[in-house]
Structure formats: C-alpha cells, structure tokens
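Presented as structure tokens, the chain that follows is alone, the form predicted alone.
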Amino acid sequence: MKYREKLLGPGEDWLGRYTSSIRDDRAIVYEVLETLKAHVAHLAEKGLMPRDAAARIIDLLDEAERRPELVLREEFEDVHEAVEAYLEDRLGSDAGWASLGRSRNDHVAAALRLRARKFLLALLGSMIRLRETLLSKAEQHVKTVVPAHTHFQPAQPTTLAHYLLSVEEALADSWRHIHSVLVEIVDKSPLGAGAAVGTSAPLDRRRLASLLGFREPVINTLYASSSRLFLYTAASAAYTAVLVLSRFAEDMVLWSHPSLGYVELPPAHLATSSLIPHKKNPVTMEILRARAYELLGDLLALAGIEAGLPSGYSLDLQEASRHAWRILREAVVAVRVAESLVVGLRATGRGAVEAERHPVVSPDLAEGLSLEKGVPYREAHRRVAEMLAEGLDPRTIAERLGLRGPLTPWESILSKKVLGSPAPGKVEEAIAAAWERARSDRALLAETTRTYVKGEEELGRLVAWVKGGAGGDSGDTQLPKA
C-alpha cells in the first residue's frame, strides 16, 4: 500500500527513500501506535465503527508494540503508511476503519508531543537529582575558600559551596522553565484536527486528549496539524540546561588545570594521552562543552525549518524531529554526566592558597574607607588602586588607611552580610531554601506525572471495553467510567 500510487503511479525507489521518514520514525513508533489505538477506541465508543473491528485493530497494534519491526519497513513513505499496510494485510477492508477522521498530520503531531513529553519528564527528573547532588556537595564545602573570577581574573574570595549554589540556582530556573513548557505548550492534543481543518466525523477532541493524558486540545486545527513550534520550544527550553552545564564544564576544565588546581575531577571523567604518560585530560567536560555548540546548530536548524514555511503542512516538517530528539536526548545525558562528576568532585585546598596570593580583599578596603572614614567610594577606590600600583600588600594598605580590615580572604567572606553572599550563615540559609525548592519541584513533577498515568489508565479501560464487546452484541453501549 502506498498513498501515491493511485493518483501518481509507482515512483522511483531511490526518490522514495530520499523523502521517506521511516528511519526517523523509529523514534516515535510506540507513540504512533498508542495514538492510533486511542483513535480507534474512540471511534468505537462513539459508534463510528464496528466494535469488533476496533478490537481486532487494537490487538494488531498491541502486537506491533511488542514487535515494532512489523511496521518499520523501509519501502514505505513513513510509519503511518506502514502501519496501515500492516493492518490491511491482516484484516483486509476492515482495517480502513482506522483511517476515519484522521490524517497523518494530526497523528504525527500527537506522537511527537508524546515523545517530547517523555524526554522532558526524564530531563526534569535528572535535573532534580543533579540539583540535590550539588546541594549535598555544597554542604561539605561551606568553608572551602576559592577565588571568584570576573574576566577570569581573581576578583573576590568566595567558597566552593557558594559557587555550587550558583549552578544549582541556574538549573532551578531552567527546571521551572522546562516544566512550564511541558505543561503549558507541549501537553496539548492535536488529535481530531485532521490534515488542516478537522473532520466531518463527530469526534470529541477533548475526550481524545484525555485518552492520551494530554491536558487539553490545541484549539485551532490548522495550527494543531501544521506547526512544530512546540518542538522548538521544548528543545530550546531543554537547551537552557545545556547552557548552564556548558559553563560549568568550562569551569571544571579550568579549575582542574594544574596551574590552578582548585579541584580534582573523578578518575572516570579523565583520560590520558597515547604519547604523554602523565596527562589527565578532562574529557567528559570537553565533550559536554563541544556538544553544547553542536546542539546549538540543531536548534538553529529546527527554527529554520519552522520559519521558512507557509501556513499548512509541508514535508519539511518531518525533518524537524531528528534535531529536537538530539537536543532533548543530549540534554538528559549532559545532566547525568554532570551529576556523576559532582558526586566525585574533590577540593584540593589550593583555592584558598590562590586567594591569598592575590589582593582579593581590595574591594573590602575601598568599602571600608567609605563606611569607616566617610570617603566617597569612587575616591576610596582610587586611593586603594594607587597603593596597589605601588606594590603595597593589603595589610600595609589597611595600616596606612587606618582600617581594621578585612585582611584575609576568609575575613572578607565573613564580612559579607547580604542575601546570597558566601558568608557561612548566608550559604547555610541558601542551602536550606534550595533543598525546600528541590523538594517542591520533585512533588510538582510527581503530580505532573500522575496526570499522564491517569490518561494511560483511562485508555486502558476504554480498550478493555472495546475488546470486551468483540464478537458479541455491538449494541452494548455501557462505556467504562473515566
């Protein structure tokens, strides 16, 4: 069975392979089958097709879920055409009922949304575990001094805990963004939208949505069937986590370099040279950093495919999904790699030594001159800078200016009183708040997941009702309770 042949005649095989999406459809075969199962069950419950035919179709779809190779045959244009051929080979004309009131356009959009939903759920779960790992490590390093950098120059003293909290908070922001995209944009059903303008079959689009655990339908049928904005939005949201982790990877590459040596990376994340025996190369962080750039290319391709089209479906859209899956898949992997590294991350103590080597308390001296002596800050800044230019150390500067300090990196850290600073008390407050935020997000994710499980259960009850009437009186209209 090939859609084109009755109108256009047989095509050339090599051109058919060029336009076929069957290899990419391997990523969504289960979602395609589940979507069609929900559609067929709904046709039966609405009395739009014979219940016994629906039961036989669903049995075959169940078989294909167990053996997807049955519907991943490369002579077909896509998995939808292959599934129809599979059903027709086994059922004959009764298989045609499955096509009533549907198009490949709305069904592939539904399958893509289901697949994206699974990726986002996996990513959100992995991100919570990473955030909790960062918090556990931060609790161990509230007093571990390292220099904070600006322009990658030693700037002011901080702690490893303070640094790790900065990564966790960035990931928390990314988490909320991803979750919002999941529930507000991805979690909508296009089923019943047909090719562009819906169908004459009296489908209940809200019921179809609930059968697959979608929160609600995409209202406009043209938008529902012919846009991949939801894929771009999901991928771009996931990419925010990759951005955070790419910067973290860069920090780990630099901080573990022998010239700094603030931290040691776990051996599993290192490799050595084929020529140079002493090398300890931070290879996982290098790969993570590189893939962040590669995924940016995928994100650009995804946006470009969507941006260049007129309204309505075009086959260009089938090329979008592979870019989205790569971004979503690699985002999950990046989070897991980072979590593994944080678990085994070890502070060396050299961060404190490095902080002592540089005049990182100079901002405190300038602020002290303003706060203690009433000197306008810009003037205070100038005086301290001039003394530093003379080669004076912070202790000598403090003596000349008649200041009490702070004179050491740790004293500087202790002097910081504002919310979110590296002072131990503030860090401990921030850790406690971050744990509470992570617990709240974990509970929110569990609640979100339960809504999808309810959808699976609802479809399961309807399928059981369909199969329960197979071979019997099709006049049995007692539907299962949702």
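Source: prediction; values computed, not measured. Note that residue numbering begins at 1 and tracks the sequence as displayed.
Beyond the structure shown, there is the form predicted in complex with arginine (ARG), which is absent from this document and is the topic of what follows.
Next on the checklist: Based on heavy atom distances of 4.5 Å or less, which listed stretch (128 to 136, 307 to 315, 259 to 267, 238 to 246) is in contact with arginine (ARG) in the predicted complex?
Outcome noted: Contact criterion met by 307 to 315 only.
Next on the checklist: I need to confirm a contact call. Of Val108, Leu208, Ala224, Leu87, which residue comes within 4.5 Å of arginine (ARG) in the predicted complex, counting heavy atoms only?
Outcome noted: Looking at the other structure, the residue within range turns out to be Val108.
Checklist entry - Asp78, Asp298, Glu169, Glu354: which sits within 4.5 Å of arginine (ARG) in the predicted complex by any heavy atom? => result Of the listed residues, the single hit is Asp78.
Item to check | Partner proximity in the predicted complex: Arg102 to arginine (ARG), non-hydrogen atom cutoff 4.5 Å | outcome: No, Arg102 stays farther than 4.5 Å from arginine (ARG) in the predicted complex.
Item to check | Any non-hydrogen atom of Arg113 within 4.5 angstroms of arginine (ARG) in the predicted complex | outcome: No, Arg113 is distant from the partner.
Checklist entry - Counting only non-hydrogen atoms and a 4.5 angstroms cut-off, does His162 reach arginine (ARG) in the predicted complex? => result The answer is no: His162 has no heavy atom within 4.5 Å of arginine (ARG).
Item to check | Those residues of 209 to 233 which, in the predicted complex, come within 4.5 Å of arginine (ARG) by heavy atom | outcome: If the 4.5 Å heavy-atom criterion is applied to arginine (ARG) in the predicted complex, 209 to 233 yields only Arg228.
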